[in-house]
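Presented as structure tokens, the chain that follows is alone, the form predicted on its own.
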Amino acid sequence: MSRDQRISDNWALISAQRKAIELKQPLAVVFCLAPGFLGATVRQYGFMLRGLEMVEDALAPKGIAFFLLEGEPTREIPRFLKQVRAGWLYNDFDPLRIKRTWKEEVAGAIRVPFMEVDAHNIVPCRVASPKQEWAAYTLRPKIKKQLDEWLESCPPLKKHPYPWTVEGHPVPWERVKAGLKVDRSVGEVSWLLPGEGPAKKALRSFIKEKLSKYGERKKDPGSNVQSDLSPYLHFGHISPLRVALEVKSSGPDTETVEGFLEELIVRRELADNFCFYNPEYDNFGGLPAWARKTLNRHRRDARPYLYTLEKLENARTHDPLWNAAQTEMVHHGKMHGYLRMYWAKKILEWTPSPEEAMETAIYLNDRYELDGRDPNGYTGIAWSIGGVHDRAWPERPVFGKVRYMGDKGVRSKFDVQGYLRKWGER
């Protein structure tokens, strides 16, 4: 278990159980806790570990063991498989380069069948498209053509008929948390509880109280109509399949419902497609050729402001709106999606090069966002700074033909003063 940390609606876990029952063998879930992961701090590690503790509790009545390994996955997974004489290994799908490298190294070090199951996308990434898609309009028809086939409930996890007899659990969670060698200066958040239960509660609350207003007010950070599901989707505490099924069954297919499902399915799966088929998804080389060309042509343009990483991280720019968005992310662990675009585009405008802009945006996003280190984050930054999944726009300084966002346009979308009152100077 890696990307999809839940027992419900988990096709990877269901597939593993089916094979174990077929072979009349016990089943275990193993999570390998790497000592570091793409700049994650105790904010992300703490949220994840509390969710995994709930996974262990949920598996116990099912007769399925849970093991937490600590160390490099490329060493610990093969060692564990040998120790328990495992016959099969199943894993969930992840398009990120580090996870794929781990899997390749594990596959080369073991002698048992190794199956990967996409439990994160409704239409599996490889099935949806065999190549990197140009934009949402090229992926959308491919997904819609197959969606009915895949938009079906996952069967529940059964009580496993063959008990696990190997010793080694329960996990000493407090010791594990105390022993984390990660940055603790970015504190955990208290406004969002981890785990499947809170994730399902958040979904029900969104459908009941916010969904009807989502289409009209989603670009307004002060309207409080966001689902707040992105951290849960990132850690796999809830399945996009479950979210889609519940939203679709909540009422008629209104424009609002269709708009939400577009973001949940097409846009989110487009991000997985980009990261899976583009090995340079997190750097300048992964941007489309037209964007690299126009950004190169404007490299030496005078920037209106230049800020160091320290100034940006501490929200010390001339722009109160940008500072407030950065402050929200630092203190809240989440930034409103509409402002994320503005935030990233201003980093391009205020740093010496597009390479430094991407590096800075990724560093800040992955350090403070609960849902950082995610295909959505990398793709959103690549869209904002480098025109990925977008088209060329009228040329202007610094941005070239990459889409520009200014504070005047943003201010026309929502009550900026209200947002500043909440997240301004702190």
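Residue numbers run from 1 along the displayed sequence. All values reported here derive from a predicted model rather than from experimental measurement.
In what follows, reference is made to the form predicted together with a small molecule, a form of this protein that is not presented.
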If you check in the predicted bound form, do F31, A34 and K99 all have a non-hydrogen atom within 4.5 Å of the small molecule? yes
Note which of W164, Y307, Y281, F235 lies within 4.5 Å of the small molecule in the predicted bound form, where distance is taken over heavy atoms; exactly one does. F235
In the predicted bound form, Y45 touching the small molecule (heavy atom, 4.5 Å): yes
Though only this chain appears here, would G372 touch the small molecule in the predicted bound form if you measure heavy atom gaps against 4.5 Å? yes
Since only the chain is shown here, I'm wondering whether S2 would be in contact with the small molecule in the predicted bound form (any heavy atom pair within 4.5 Å). yes
Using heavy atoms and a 4.5 Å limit, would one call E133 a contact residue for the small molecule in the predicted bound form? no
Quick check for you: of 89-97, 288-296, 140-148, 122-130, which stretch puts a non-hydrogen atom within 4.5 Å of the small molecule in the predicted bound form? 89-97
